[in-house]
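Given as structure tokens, the chain that follows is alone and in the form predicted alone.
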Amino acid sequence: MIPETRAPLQWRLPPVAVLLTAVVLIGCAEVGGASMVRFKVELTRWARHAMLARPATHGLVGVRDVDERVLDEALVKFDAGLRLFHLHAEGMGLVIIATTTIAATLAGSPASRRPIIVLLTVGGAGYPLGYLVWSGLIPYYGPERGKTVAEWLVWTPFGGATIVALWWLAGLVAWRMMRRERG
């Protein structure tokens, strides 16, 4: 019996704009990480000053021992948001490259390929910005309210777009593999 031979898979690159978006996102992550280190003191001073200007928002009571704990906790979350932007922007840049390459190669028709690539690119590039939004809102609205706003404005829509696109792509790839095995 002669073994079945299949043509090797020819990988296709996603559109240049997608690759550029991913590279810019990774670049922003690196600049953000470097800035976070270089301007740590200035960022902390700014956030602390903004928090002290809004004592009711942060539950400050005017007792140094109590207020310092509250401020320290909020500043830790402020710093964490900046770090999470750095990490997620790096990671999502790579995710955009990998997933859109798979979509460009394996999503059969342009009618499904284009929206999947758009959702992966926009969702992947937008999601990390939620951490910057959260950090920027902490001094003004507090950690929890800032997180809620970031969830509704950024994480849910952009993360949702990415998840929808990934499920769509996974379904198309599974369907294509089943068809290929049958025929």
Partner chain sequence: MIGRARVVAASLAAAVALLVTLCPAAAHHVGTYVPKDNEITTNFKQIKFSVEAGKFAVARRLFDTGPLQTDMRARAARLPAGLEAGLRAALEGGDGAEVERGLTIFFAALARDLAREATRQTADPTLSREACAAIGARFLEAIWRYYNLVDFAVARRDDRTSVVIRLAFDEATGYAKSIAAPDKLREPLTRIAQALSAFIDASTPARRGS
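These numbers come from a predicted model, not from an experiment. Numbering follows the first chain given and starts at 1.
Form predicted in complex with its partner chain: not shown, discussed below.
Discussion item. Only one of these stretches, 110 to 118, 28 to 36, 44 to 52, 60 to 68, has heavy atoms within 4.5 Å of its partner chain in the model of the complex; which one is it?
Written reply: After filtering at 4.5 Å, what remains is 60 to 68.
Discussion item. To verify the annotation, which of these, V23, A17, L13, A170, has a non-hydrogen atom within 4.5 Å of its partner chain in the model of the complex?
Written reply: If I apply the 4.5 Å criterion carefully, the residue I get is A170.
Item to complete: Please check if W155 has a heavy atom lying within 4.5 Å of any heavy atom of its partner chain in the model of the complex.
Response: Although its partner chain is absent here, W155 would touch it in the model of the complex, with heavy atoms inside 4.5 Å.
Worksheet item: At the 4.5 Å heavy atom threshold, is V76 in contact with its partner chain in the model of the complex?
Response: The answer is yes: V76 has a heavy atom within 4.5 Å of its partner chain.
Worksheet item: With a 4.5 Å heavy atom cut-off, would you call A80 a contact of its partner chain in the model of the complex?
Response: Yes, contact at 4.5 Å.
Worksheet entry | Touches its partner chain in the model of the complex: L166 (any heavy atom, 4.5 Å) | Output for L166 is yes: heavy atoms within 4.5 Å of its partner chain.
Discussion item. Just to make sure I understand: among 123 to 152, which residues lie within 4.5 Å of its partner chain in the model of the complex, judging by heavy atoms?
Written reply: Those in contact are Y127, Y131, W134, K147, E151.
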